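Given next are two forms of a protein chain, the same chain in both, each as structure tokens and marked structure 1 or structure 2.
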Structure 1
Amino acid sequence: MANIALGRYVPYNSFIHRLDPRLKLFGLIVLMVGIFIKFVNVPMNFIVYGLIFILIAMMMMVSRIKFKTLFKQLKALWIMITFLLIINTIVPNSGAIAFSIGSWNIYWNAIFQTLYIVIRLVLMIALTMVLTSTTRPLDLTYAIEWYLLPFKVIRFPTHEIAMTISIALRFIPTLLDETYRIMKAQASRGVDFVSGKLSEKVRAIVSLIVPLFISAFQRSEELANAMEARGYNPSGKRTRYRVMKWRVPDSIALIFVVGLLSGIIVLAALKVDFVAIIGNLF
């Protein structure tokens, strides 16, 4: 089960854990926008990425996420990095040539372009990890529902959608447990899920998926019956067990992220160049 623990909610009680889920979701979007802004030149881009990385690293430290878990997630990115580099070198480019292989020119632009995408991806994954490992899935759903509230005016079924999402999230661990259970049961019958020929593997997967689907359908039917038996009415007004409360630290965090994004936008819009500024000082 250890390999699925990546990005899973970890019940610590840090400053970030205690923040309002609405703020955290908003902060995620704001910082992601910040990650995608381009600056006046190459060194400036890297400086800002570095600053954002330091910020995210601090957030990870506060919320007690181990850097090891991040690296584990990044392992799968290697294929993508190579792929991106190949694509970027094939696409016609201009500017300074970094080096040539025979008559094949590889431009600095291509390398930087790839690096930007990779860095952005890493930063985004790290950010999302901070969000998902410090926020209960249910709280996230409440936050999404809260943001969708204005659409109620046009009869958009916000509550139903939020409920569907929260049920789906609620059943992920259950279905995972079920998967492990069935895998073990079939392994006891001699199924080898790891090695074996392709035809054996297909059979192994069929022996897993069919029981899994059957139990999932059964569960959903039981759940629907249980909800109806308790008089569930999607359009009914209801109160919540856990009420989201906006506190002072949330306001501070909100001002911080908005300020940060404005700062980044200003730097980009005014074409500020730290390297040149420092160069002028001396």
Structure 2
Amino acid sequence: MANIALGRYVPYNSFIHRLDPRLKLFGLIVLMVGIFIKFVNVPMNFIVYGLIFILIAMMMMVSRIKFKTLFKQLKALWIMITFLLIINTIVPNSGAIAFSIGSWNIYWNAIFQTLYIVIRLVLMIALTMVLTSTTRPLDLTYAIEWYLLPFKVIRFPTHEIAMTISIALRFIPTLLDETYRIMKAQASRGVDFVSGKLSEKVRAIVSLIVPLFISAFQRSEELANAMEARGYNPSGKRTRYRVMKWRVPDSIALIFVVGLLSGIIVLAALKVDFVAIIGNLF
């Protein structure tokens, strides 16, 4: 858990760090929309997923985010991959049979559906990690609040919602560190989180969850008292020490993001098949 970087800001002076948080949040949404667009066939889907992954890998290298950090966060996905594969094989399928286990047939459609879900989840985790690693929580709050400004007409609590989301993102690494600390403390007292019977594992989990909830409530109360002591008023007029300014690199990045989404939509709408085009050429 100490290696989990989701929600943890990494201070560097890279090109992506210097981009406007409003643009980075918009780019996150655009790329997530592109991830869920379906194309003409399976090879075309995986080609687009590969191109998006290459783009994310380039952003990670520019932002100085280590790939091993991403891989460490994906360790827990193996259980979910197995579970999804079992569910997809139980559901009736049709088409080509990949292999058979006794009288039970495993179809390619079930395998591809599982791969689609897993790849999309991996790409979304990587994108979220890039956003949270390159954007300060306060800047992210500003971006969310800026996008919610039109709702102020109907007296929607935009600032309160943005601050809540920012605090939630900020406390993800804090709670993970607290979980790791409690696990070490309980292990030193003889609690075994790895082996043992089911009843013993349940008691071990309870010994972890109860102090974690108590610590989370204490931290939230301390945060509320600190904000109140500093005169925080969510309905008051607020000024900012750091004013975000839209610059030329932000405009270039915005054009690139919009062009990328437009290209993905055109490929899906026209049912372009790169594999067939290359086959016809050669």
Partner chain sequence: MPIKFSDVFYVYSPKTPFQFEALRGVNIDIKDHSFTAIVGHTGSGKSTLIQHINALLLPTSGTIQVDDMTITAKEKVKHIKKFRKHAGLVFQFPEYQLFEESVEKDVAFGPRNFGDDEKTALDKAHKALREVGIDDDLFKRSPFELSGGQRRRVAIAGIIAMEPKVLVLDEPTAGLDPRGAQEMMDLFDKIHQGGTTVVLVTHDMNIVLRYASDVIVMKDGAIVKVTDPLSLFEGDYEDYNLEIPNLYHFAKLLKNGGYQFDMRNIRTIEDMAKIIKGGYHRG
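No experiment lies behind these values; they were computed from the predicted model shown. In this text, rigid core is short for the largest set of C-alphas that superpose within 1.5 Å between two forms. Counting starts at 1 and follows the sequence of structure 1.
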Study note, to complete from the structure: In this pair, it is the form predicted in complex with its partner chain that is given as structure 1
Check your understanding: With respect to the change between structures 1 and 2, which of 184, 259, 58, 238 is the hinge point between rigid parts?
Key -> 238
Review point. How much does the lesser of the two rigid parts rotate between structures 1 and 2, stated in °?
Key: 10
**Study point:** Rigid core superposed, the C-alpha shift at residue 234 between structures 1 and 2 in Å
**Key:** 3.7
Review point. If you line up the core, how far does the Cα of residue 204 move between structures 1 and 2, in Å?
Key: 9.1
